[in-house]
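Given as structure tokens, the chain that follows is alone and in the form predicted on its own.
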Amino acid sequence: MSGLSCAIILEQNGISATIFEKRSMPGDRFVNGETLLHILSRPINKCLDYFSKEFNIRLEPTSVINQLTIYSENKKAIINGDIGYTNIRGRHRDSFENQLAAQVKSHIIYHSEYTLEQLKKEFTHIVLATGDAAYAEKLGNYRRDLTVTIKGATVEGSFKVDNPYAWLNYKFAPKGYAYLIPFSEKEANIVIGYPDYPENKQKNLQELWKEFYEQVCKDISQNLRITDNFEISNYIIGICNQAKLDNIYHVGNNFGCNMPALGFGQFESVLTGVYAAYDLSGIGKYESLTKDLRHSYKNSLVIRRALENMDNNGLDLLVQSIDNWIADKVFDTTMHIDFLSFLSRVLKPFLPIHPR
């Protein structure tokens, strides 16, 4: 998403890019659902409207989220209102990758086997948008904070497309999270993700997944049929030391857009692509433009560490505390408080002096 967004803005400013794609098409990977929650992009609300108005980048969501249901081990919270968007990623005609690619005119070289070293010899500037942090680490320009295991599946059932679900339950997502995001009225994505700490590596992923799947079926009162699945281990989450290293721009997950708290980072990914293009077009300086994104990452990491220091009893109290009208007001789009910054300041004093 970050690389394609960068190409769109470059073209708007009269610059053509050559795009090197290792796979056969944009988003050529497993299909999964994601969310864009207004509360996490503040002070910007309704980020898709913001992308369209400010950058002429047009993205259509799967649905507007009107209800978010959150479960802990023993509690349930329902948040109502204009909460955000759901969308599709990966090998799907309506995925955000394919929507962005349709707006790009620059040449895309598919099945590319070019290395970064080869590209450095042929091009004056490189935007590193590989979707993971491997190259950034290879360049020695990255701080790794944790790695995570992710397992997900596409399921068939009956869903309200405007109502995703989340689970904070360490019995099947130890120190992590789980969610269900509908693609349509008949298909959804279910996922668990948790950090690869030594105590978690001893756990059996398949047993955790079985317990999660059974819990989802129980909570939504359906027998879901799995039609596809994916699994990722040792997925790196961290942030680059320098946003621009010599003539290389780190964007997307090479920058550090995968927010540690809940794992999503599409909003930040698009912005890094836009800001890199602004720098290349002489409109602004990349390091300066991405300062707020660094703060967002730092605040999200504090929230992740705070969640990791809770147990299921603490998560029950957390979910119980947001099952009221105050939560609806906090999620409301008329609020413009930087929620990540506020919550980080509240939680930081309660963290251990030397957090994990």
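All residue numbers are counted from 1 along the displayed sequence. Quick caveat, the model's predicted, so the values are computed rather than measured.
One more form of this protein exists, namely the form predicted together with a small molecule; it is left out here, but the text below deals with it.
Q: Which pick from Ala129, Ala178, Ala188, Ala276 sits with a heavy atom within 4.5 Å of the small molecule in the predicted bound form?
A: Selected option: Ala129.
Q: From the list Asn32, Asn299, Ser41, Thr62, which entry has a heavy atom within 4.5 Å of the small molecule in the predicted bound form?
A: Selected option: Asn32.
Q: Although the partner isn't part of this model, could you tell me whether Ala7 comes within 4.5 Å of the small molecule in the predicted bound form, counting any heavy atom of the residue?
A: Judged by the heavy-atom cut-off of 4.5 Å, Ala7 is well away from the small molecule in the predicted bound form.
Q: Considering only heavy atoms, tell me if Lys348 and the small molecule come within 4.5 Å of each other in the predicted bound form.
A: Lys348: no contact with the small molecule in the predicted bound form.
Q: Since only the chain is shown here, I'm wondering whether Gly84 would be in contact with the small molecule in the predicted bound form (any heavy atom pair within 4.5 Å).
A: Judged by the heavy-atom cut-off of 4.5 Å, Gly84 is well away from the small molecule in the predicted bound form.
Q: Might Tyr197 be said to contact the small molecule in the predicted bound form, defining contact as any heavy atom within 4.5 Å?
A: No, Tyr197 sits far enough from the small molecule in the predicted bound form that none of its heavy atoms falls within 4.5 Å.
Q: Taking 4.5 angstroms as the heavy atom distance cut-off, pick the stretch from 49-57, 290-298, 22-30, 303-311 that is near the small molecule in the predicted bound form.
A: Every other range fails; the passing one is 22-30.
Q: Spell it out for me: taking the small molecule in the predicted bound form, does every residue among Lys75, Asn163 and Ile220 have a heavy atom no farther than 4.5 Å from it?
A: No, none of the three is in contact.
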